[in-house]
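In structure tokens, the next block holds one chain alone, the form predicted on its own.
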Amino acid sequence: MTSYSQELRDRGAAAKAPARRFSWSGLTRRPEFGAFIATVLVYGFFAATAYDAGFATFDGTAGWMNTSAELGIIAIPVGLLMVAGEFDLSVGAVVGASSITVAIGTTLFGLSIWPMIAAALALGVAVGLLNGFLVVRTGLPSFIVTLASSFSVGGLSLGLARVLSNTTSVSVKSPPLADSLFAATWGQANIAILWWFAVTLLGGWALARTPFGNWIFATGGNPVAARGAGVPTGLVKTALFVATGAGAALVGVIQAVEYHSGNATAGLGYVFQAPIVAVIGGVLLGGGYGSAFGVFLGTVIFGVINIGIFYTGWSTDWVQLFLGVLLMLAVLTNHYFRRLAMSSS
């Protein structure tokens, strides 16, 4: 196990280190290599089959990028958390809770949208802090802790929405500046795409260019050895839980302003979509290996499949088949690299 973890850290360090010269073997061992090949194949498939329907046009491209963007804002921090060896299943509930927080504050209580946006983001941060505290202090699996917080946050937001408004969906009044920041459009392209790019760049920089990124790989690769080397693994995990909560809250704010409505049940689909695209993007389920760019490509694949099938005119039921096959291929690829690492150690 120790040799495998050492190998993973070596592979992670190799992925982060700037390439001194081109190497095919080095390229194929990068976390995002499989996702890049899958992205090219999936996009090429739908570009060919749905070309006449306009899939490759600006509007078609904007369509799949819109779908990828909001998922990507959540999936990037979730992927980094998985590299550190933990899961967060509460992101879906945080999206709905932050969305309905903005709606209730602005519409039912007549408050300005800015303090309500701050409150929604603070809610996400608070949920992340609670998850991190419970996981680090109790040693319980993050799967159980965040599943419990998902039910708690989701149930609380649903209950309060019912009590205060007698419905789970409340309209949102937003000023022009808030619309410009969270709901601006260029043709069919939403400003959420820019938020997605910003979160990807931030996550990629933190993971590949900072000491904190080294701590993330060490925490996920071998937490015992990492603690022995002085890495504050508890702080790393808590900070990443805060990042996942903040990312989910940001998506809740974007949806509330974009749709002029807050919904306590919004975001439930992200619970499994975020870790799925992270795995498709090359993040190892056992932790210690992955990249932000790989997760970015995983969200691209998700968006291309969803919108590509719509352009082909096929039933959207096929989306699940495509994602299932890609997920299985990604897991098999990860398993192959795990065996390769262990056999070469």
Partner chain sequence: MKLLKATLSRLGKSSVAAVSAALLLAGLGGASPAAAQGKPRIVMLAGPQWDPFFGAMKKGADDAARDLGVNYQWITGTDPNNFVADYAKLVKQAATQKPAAMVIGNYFPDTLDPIIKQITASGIPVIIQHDGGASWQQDGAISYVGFSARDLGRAVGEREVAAGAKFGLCVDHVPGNTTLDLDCQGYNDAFKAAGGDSKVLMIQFSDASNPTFVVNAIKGALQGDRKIDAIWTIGAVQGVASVDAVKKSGRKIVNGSLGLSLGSLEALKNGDLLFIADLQPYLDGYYALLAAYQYVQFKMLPMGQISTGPLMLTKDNVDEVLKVNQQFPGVRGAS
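Positions refer to the first chain, counted from 1. As the structure is a prediction and not an experimental result, all values here were calculated from the model.
The same protein also exists as the form predicted together with its partner chain; that form is not shown, yet it is the one meant from here on.
Inset, instruction - Among 112-120, 128-136, 263-271, 199-207, mark the stretch whose residues have heavy atoms within 4.5 Å of its partner chain in the predicted bound form. - result: Result for this chain: 263-271.
Inset, instruction - Would you please decide whether Leu41 lies within 4.5 angstroms of its partner chain in the predicted bound form, comparing each non-hydrogen atom pair? - result: Taking the distances in the predicted bound form, the answer for Leu41 is no, it never comes within 4.5 Å of its partner chain.
Legend entry - Contact of Ile307 with its partner chain in the predicted bound form (heavy atom, 4.5 Å): Ile307: contacts its partner chain in the predicted bound form.
Inset, instruction - May I ask you to check whether Gly63 falls inside a 4.5 Å heavy atom distance of its partner chain in the predicted bound form? - result: Yes, Gly63 is a contact residue.
Legend entry - Contact flag, Phe33 vs its partner chain in the predicted bound form, heavy atom cut 4.5 Å: Phe33 lies outside the contact set for its partner chain.
Legend entry - Among the candidates Ile144, Leu181, Leu235, Leu160, the residue which, in the predicted bound form, approaches its partner chain to within 4.5 Å (heavy atoms): Going through each option in turn, the one that passes is Ile144.
Inset, instruction - Could you list which residues of 223-258 come within 4.5 Å of its partner chain in the predicted bound form, counting heavy atoms only? - result: Gln255, Glu258, in sequence order.
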